[in-house]
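Take a look at this single chain, the form predicted alone, given in structure tokens.
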Amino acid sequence: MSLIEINFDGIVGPSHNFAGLSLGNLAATANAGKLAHPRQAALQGLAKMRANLELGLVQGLFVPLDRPDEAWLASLGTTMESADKALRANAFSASAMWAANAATVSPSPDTADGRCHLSTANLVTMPHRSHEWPGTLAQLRLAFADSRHFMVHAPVPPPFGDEGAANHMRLCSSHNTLGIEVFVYGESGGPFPARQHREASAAVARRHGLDPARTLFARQSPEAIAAGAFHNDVVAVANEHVLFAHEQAFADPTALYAALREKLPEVEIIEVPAAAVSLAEAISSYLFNAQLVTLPEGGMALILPSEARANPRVWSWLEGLVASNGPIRRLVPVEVRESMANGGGPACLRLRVVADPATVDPRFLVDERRIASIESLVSAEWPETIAPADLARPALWRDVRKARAKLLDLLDLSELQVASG
């Protein structure tokens, strides 16, 4: 098999709105109640996918979940018509667009049975995300249905919170070789909850058949969580032999770095000092919520939100990094402002899967022509704006469902019509 990294981006759904549901996500809560632009949000995400294709990367997609989630409301004994404002907003959330929270992925070189394992995240900490997993699981089981090469797991059961790949890193000599898997968990974050539990991470590692000698568990620093780093991918990102992290990302960075150097001697750790970029600057710019990718021609690129370029201290540090002739050779700013305003940058929008593209259901892979056809549909069917009061309008609920149904028809994914989130 030809194992390569494929980035599966979540298409921003037609129900994208700013309800401020995510405690500890400073951008999401700061923008609560503002006017959202679902059409623009989805087009920005699709433009990022196109930019990845232009870099020579292989690109996949996941579709929005069924919203509003009437099945979830029914389990709570209510409906969109009778639910209170908070429940209605939770049922309408488009947060599944952040595919980094869809699952944790262990590629086949790391697992005991030689298959790529994916564990769907339960996302139990936040009500608006806790009902995503059935729809996500349905997509994963369809996209990775080839049981010779993939094993898709249902979520770790509550009460152990699992938020997927946003708290998981893999380091290796190259994507197709045996790696070191790092699970990052939280314990406290001042006023904010720690969303990834160590017990959930350990369960995922066991289910994936990982070698304990090549599996690390690192605690996220409480300071990072308190500052608004609700997931590890807000303060650290890894790719092949490179770890790019903020000085205050981990509770015990010295121990983590020593373990990595012991298990992967070629590891390169690039640590951004707090004196150069504060935690607050790192989080507001989403410097680390970037896609660190290996380019086909060699070297790595950092795909960053445009907010990182807009911060002079952040951009100055990054320019110095590139000039140092290290492994990161290119900076690629992308415009994902609508996603950023809800608390998710370029890395949040994608799930990394190392696999042979020939083993993936081709309906979940895209090229330029396919992206263009999706853009045309989004331009015609996604709501242009959604205001907070609009969530009470049945006409909007119908429009959102109709838009998603047309996307599924376009992509020949009618099986997912009944797979409600």
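Residues carry their position along the shown sequence, with the first being 1. It should be emphasised that the depicted structure is a prediction, and the values quoted were computed from it without experimental measurement.
The same protein also has a form predicted in complex with a small molecule, omitted here; what follows describes it.
Contact annotation for Ser201: none of its heavy atoms lies within 4.5 Å of the small molecule in the predicted bound form. A residue is said to contact a partner when one of its heavy atoms sits within 4.5 Å of a partner heavy atom; His128 meets this definition for the small molecule in the predicted bound form. A residue is said to contact a partner when one of its heavy atoms sits within 4.5 Å of a partner heavy atom; Ala19 meets this definition for the small molecule in the predicted bound form. At a distance threshold of 4.5 angstroms between non-hydrogen atoms, Ser95 is in contact with the small molecule in the predicted bound form. Considering the small molecule in the predicted bound form, the lone stretch of 342 to 350, 175 to 183, 313 to 321, 209 to 217 in range is 342 to 350 [heavy atom distance within 4.5 Å].
Using a 4.5 Å cut-off to the small molecule in the predicted bound form, not one of Val105, Leu171 and Ala236 places a heavy atom inside that distance. Residue Ala28 is the only one of Leu46, Val360, Ala28, Val58 with a heavy atom lying within 4.5 Å of the small molecule in the predicted bound form. Of the residues Ala91, Ala100, Leu302, Ala308, just one reaches the small molecule in the predicted bound form with a heavy atom at 4.5 Å or closer; this is Ala100.
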